[in-house]
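Single chain ahead, written as structure tokens, the form predicted alone.
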Amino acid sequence: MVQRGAWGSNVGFILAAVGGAVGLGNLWGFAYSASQGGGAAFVVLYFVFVLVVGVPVLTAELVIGRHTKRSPIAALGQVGGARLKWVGLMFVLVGFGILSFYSVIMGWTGRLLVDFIRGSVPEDTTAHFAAISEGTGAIVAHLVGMLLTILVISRGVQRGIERVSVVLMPTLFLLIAALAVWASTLSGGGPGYAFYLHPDLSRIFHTETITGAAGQAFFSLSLGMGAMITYASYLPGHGNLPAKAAIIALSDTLVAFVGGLVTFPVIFHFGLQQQVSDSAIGALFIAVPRGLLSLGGAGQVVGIVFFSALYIAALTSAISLLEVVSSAAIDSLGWTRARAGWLGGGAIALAGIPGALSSDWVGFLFQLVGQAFLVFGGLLLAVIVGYLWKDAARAELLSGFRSPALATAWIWLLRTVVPLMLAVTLYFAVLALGPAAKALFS
């Protein structure tokens, strides 16, 4: 049997799991969703949904992974027999699909980082983004990102994923903190902070705010695609899983919150409110670079720090996505880690080329795979653990966690509140497919 690997320490696991959760959605997607949902009203609901939806589903993934010591396909097969293997296969395909477009966006980020380092970002950032987001340059940047991801995965759990996470995640935290300090000095930051931190309670009851917060909380924690099942499969059979889930969720939420302390002052200082409402990608890759150019040399430094943080966040998320695919190949096909990493990563690299040729394809895949299928996967997971596997799941949770009352509350949430919220979120995610498909095929 092929050696699967294991984490060298709890710190390594936590940092890797946080790295898998923290991504571009934390540092800019969160701000975009908040601007669409009324600012602070969205933030309040986001925190609520992380607690009542995100943490229970995250815990369910950790419980399955540690109990089975297998990646999604084999893990779900062990939990519910052959009839549930298709759920695990769906998780793997969702991870495959997300990485195929996520790596394209990572490529855009890397290209802008290089341009800021070289001091070659032109004043016409709209034309510049059009040039780098599609075509040969976009393909090359996408392939570079995939190559880095494959190299990390191929080195294994401890020597690859854990070692990189232990270095990159503290670096990311420091960069974000530095950006938040810088953003506090911007002249237009006050209205941005007010929009972000002073809740308009009337917006809390708006349907779009509720569903947007639920979807963002779920997507931000990288749930519903088997990443946390895979990472937890390398854990030993003891330890407090709810505590680990809480630390991961808190760290991910903290990054998103501090990211808002960066982005909202920037949005209001440079007058980007309309651009953000129109397009998160447009604001991130067009409006922000244009605003930073107006600051001269200081803007170049901030641009380097800003896009470095974004690239690190994208890379750590890409690593977790490829690990889902690679681990499944190791467990189900008996491949070596090197073979799984290179063949799986190579297939994803080829699948990502259409996105590097059409940004509309990226937007469509985000709505289809990154939203609808992701939420659908989480809904299935809640039903499986809450109804079909509840007794074994409860016993696994209580191994290293001595609170039967909280274990009962966890199962209750998975059986009631979580499926309801995810079903509503899935409904609106499916509705959003229409405009995305229209933009792609028009």
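What you see is a predicted model; the values in this text were computed from it and never measured. In this text, residue numbers run from 1 along the sequence as written.
Not pictured, yet referred to below: the form predicted together with phenylalanine (PHE).
Asker: Can any non-hydrogen atom of residue 317 be found within 4.5 angstroms of phenylalanine (PHE) in the model of the complex?
Answerer: Although phenylalanine (PHE) is absent here, residue 317 would touch it in the model of the complex, with heavy atoms inside 4.5 Å.
Asker: Examine residue 321 and determine whether its closest non-hydrogen atom to phenylalanine (PHE) in the model of the complex is within 4.5 angstroms.
Answerer: Residue-level check for residue 321: yes, a contact with phenylalanine (PHE).
Asker: Does the 4.5 Å heavy atom contact test between residue 108 and phenylalanine (PHE) in the model of the complex come out positive?
Answerer: No - in the model of the complex, heavy atoms of residue 108 and phenylalanine (PHE) never come within 4.5 Å of each other.
Asker: Under a 4.5 Å heavy atom criterion, is residue 91 part of the interface with phenylalanine (PHE) in the model of the complex?
Answerer: Judged by the heavy-atom cut-off of 4.5 Å, residue 91 is well away from phenylalanine (PHE) in the model of the complex.
Asker: Please state whether every one of the three residues 100, 325 and 328 places a non-hydrogen atom within 4.5 angstroms of phenylalanine (PHE) in the model of the complex.
Answerer: No, none of the three is in contact.
Asker: Heavy atom within 4.5 Å of phenylalanine (PHE) in the model of the complex: which of 222, 149, 263, 230?
Answerer: Only one option qualifies, and that one is 222.
Asker: Could you tell me which stretch in 378-386, 54-62, 412-420, 25-33 has residues with non-hydrogen atoms within 4.5 Å of phenylalanine (PHE) in the model of the complex?
Answerer: That would be stretch 25-33.
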